[in-house]
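As C-alpha cells, one chain now follows by itself in the form predicted alone.
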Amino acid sequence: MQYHSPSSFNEAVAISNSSSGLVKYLAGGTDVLVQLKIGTKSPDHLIDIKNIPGVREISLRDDGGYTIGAAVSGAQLTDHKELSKKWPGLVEGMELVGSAQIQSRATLVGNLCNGSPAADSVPGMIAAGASVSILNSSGTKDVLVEDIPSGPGSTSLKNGELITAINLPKRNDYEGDAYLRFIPRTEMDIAVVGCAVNLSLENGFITTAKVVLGAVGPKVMLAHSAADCLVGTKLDDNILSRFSAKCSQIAKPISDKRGSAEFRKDIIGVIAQRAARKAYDRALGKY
C-alpha cells in the first residue's frame, strides 16, 4: 500500500486518477483504518486529505447556509454552538456515531461514503436538503446527499471523484429537525432502525416535510408519502398515527441477528412518530 498526503484537493484527485488498484481517501479514518486492520477492502493507495487547507473548517456562507469541510469531526460539530442550534437533528445524528474518542475523528463525509444503510448521520443530512461538493478531473459539481448512497457499502461516486465539503441550506424561523434511532444497547451500537424528520411551519401548520428512514432498506430511504401525511396539519394524534403506519408500510427491511424484518417494520413507525413530534416542537421553539 502507498500512502499519499496531498496539499490540495486537485493534487488528491490527480493522485487518484494516476493510481492503479483500489484507492481510498482518509479523512477521519474510523472506517478505513478498521477495514485495513481486519483485512477487508485493503487499498493499494491511501490518500490522506487532512493536511489540505480548509478541510477542518465550518463556515457560514453569504446565503446564510453552512459549508462543512470534509475532515470536520463530530466533536467539532457539537462544539459549534450556532450550527448545533440551527440543525440539532443533523448534529445529534453524528453524535451517536461511536464513543467520545471516535467523535474526535469521525466525519460526516466518511459516514456518508462508507455506504451503510444504518449510518446515523446520513438521514439527518438528507432531511436537511444538504448537498456535497464533488471534485473530479473535469471540475466541481454539487450533488444532493440523497443521491450519493446506492446500496449496502456502495455510493454513486466514480473513480477519481472526491467530496470536498458538505453544504447545508439556510435555516429559517419556524423550522425544526430531529433524528432518533433504536438500538439494543443504551449507546455505541448500530441502528436497528433510524429516522430523521425536517419540518417547516407557518402559523403552526406544517408547510414542508422531509422524512428519511435508515436501516430499513438497502440504502437510506426518503419516505415521500409519509411526509405528505404531515403537510397541512398541526400534527395531532390522528395524524401521527397515520404517519407511523405509513412509515411502517414504506420500510423494506431484512431480518438479521439484530432484529427481524417484522420487528423493524413495527419499530420504525414508533421511532418516526417520536422524531416527527420532536422536530415539530423544535420548529415551534419549545426546545
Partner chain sequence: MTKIHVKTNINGDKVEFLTDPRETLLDCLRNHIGLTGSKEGCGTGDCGACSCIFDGNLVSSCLVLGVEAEGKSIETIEGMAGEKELHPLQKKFIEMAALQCGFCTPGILIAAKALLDRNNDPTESEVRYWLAGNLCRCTGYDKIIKAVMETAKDIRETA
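Residue numbers count along the first chain shown, from 1. It should be emphasised that the depicted structure is a prediction, and the values quoted were computed from it without experimental measurement.
Another form, the form predicted in complex with the partner chain, is not on view; read the next lines as being about it.
- Checking Leu36, Ala261, Leu60, Val55 against the partner chain in the predicted bound form, a heavy atom within 4.5 Å turns up for just one residue: Leu36.
- Out of the listed residues Ser137, Ser99, Ser150, Asn159, Ser99 is the one that sits within 4.5 Å of the partner chain in the predicted bound form by at least one heavy atom.
- Though the partner is left out of this view, Thr30 does reach within 4.5 Å of the partner chain in the predicted bound form, counting heavy atoms only.
- For Tyr287, no non-hydrogen atom is located within 4.5 Å of the partner chain in the predicted bound form, even though that partner is not displayed.
- Mapping the unseen interface onto this chain, Glu82 falls outside it, with no heavy atom inside 4.5 Å of the partner chain in the predicted bound form.
- Within this chain, Arg105 lines the site of the partner chain in the predicted bound form, having a heavy atom no more than 4.5 Å away.
- The candidate site formed by Leu26, Asp48 and Met188 is fully in contact with the partner chain in the predicted bound form, as each residue has a non-hydrogen atom within 4.5 angstroms of it.
- Heavy atoms within 4.5 Å of the partner chain in the predicted bound form map, among the stretches 37 to 45, 225 to 233, 64 to 72, 243 to 251, onto 37 to 45 alone.
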